[in-house]
Ligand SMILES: NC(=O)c1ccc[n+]([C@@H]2O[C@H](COP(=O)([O-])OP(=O)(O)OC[C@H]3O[C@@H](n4cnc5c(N)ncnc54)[C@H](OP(=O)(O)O)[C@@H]3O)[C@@H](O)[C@H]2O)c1
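Presented below, as structure tokens, is a lone chain in the form predicted alone.
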Amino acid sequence: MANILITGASRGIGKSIAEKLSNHNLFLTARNEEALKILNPCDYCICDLADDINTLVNFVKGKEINILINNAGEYIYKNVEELSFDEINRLVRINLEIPMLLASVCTPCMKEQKWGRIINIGSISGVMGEAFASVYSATKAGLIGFTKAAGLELAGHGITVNTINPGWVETDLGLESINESEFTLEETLQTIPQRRFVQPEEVASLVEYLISNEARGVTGQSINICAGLSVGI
């Protein structure tokens, strides 16, 4: 039974992952305490990762985390010239800096056990780029680069590092981002080859596979789960 840390676990993809992996020891973090309690974790940490990462780092100490799932993320839909320093800094911190920091914190325990899994939830926008979401795309592309390098570095320690890149997922965040854009729900669906949104449970199932022994040969990879969005319309 693994000790799993999941960030952004209170809703959407993070919640589905927590539900899928409920047979393990779950350590969850998000801003919504009531939503985390419902998932019945071993323990949880309430914090805003952009402002209070030290609380989470202290929480992790002694938990012997051997599976890290960096799921928490934020999105901004905005013209490049309208982006503020605070907006850029917040997205870079939450989407890229924090996942790298948590990997740094959790890796020593994984090395001691000679086994571990680090899974980053990226985005198809980090693979293809998304107009009016330049900072988001940049941070998710950064996760892919980190995954390749860390996967190579840790391969000899029995630790795998992978990134999952969802396309449009039927979550609150996904639907909110559509509402912020200039396109309707129907127009967005027309850009997806399968003409449907990916379900959070599909991402959770891929996570379940990647933490399994059957996936021990998969590392440093960037895996798209996007209903065909990455290959064309």
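One rule holds for the numbers: they count along the sequence shown, beginning at 1. None of these values were measured; they are calculated from a predicted model.
Just so you know, the form predicted in complex with this ligand exists too; it's not on screen, but the next bit is about it.
- Contact here is defined as any heavy atom lying within 4.5 Å of this ligand in the predicted bound form, and by that definition not a single one of K63, G151 and L210 is a contact residue.
- Although the partner is absent from this view, L49 contacts this ligand in the predicted bound form, with a non-hydrogen atom inside 4.5 angstroms.
- Within this chain, I119 is remote from the site of this ligand in the predicted bound form, having no heavy atom within 4.5 Å.
- Proximity of G12 to this ligand in the predicted bound form: non-hydrogen atoms within 4.5 Å are present.
- Among residues of the shown chain, R195 is not one whose heavy atoms approach this ligand to within 4.5 Å in the predicted bound form.
- When you look in the predicted bound form, the only residue of L185, C42, I38, L173 with a non-hydrogen atom within 4.5 Å of this ligand is L173.
- This chain appears without its partner; in the predicted bound form, the one residue of A72, V161, L96, C106 with a heavy atom within 4.5 Å of this ligand is A72.
- Residues of 118-153 lying near this ligand in the predicted bound form, listed in sequence order, are I121, G122, S123, Y136, K140, the criterion being any heavy atom within 4.5 Å.
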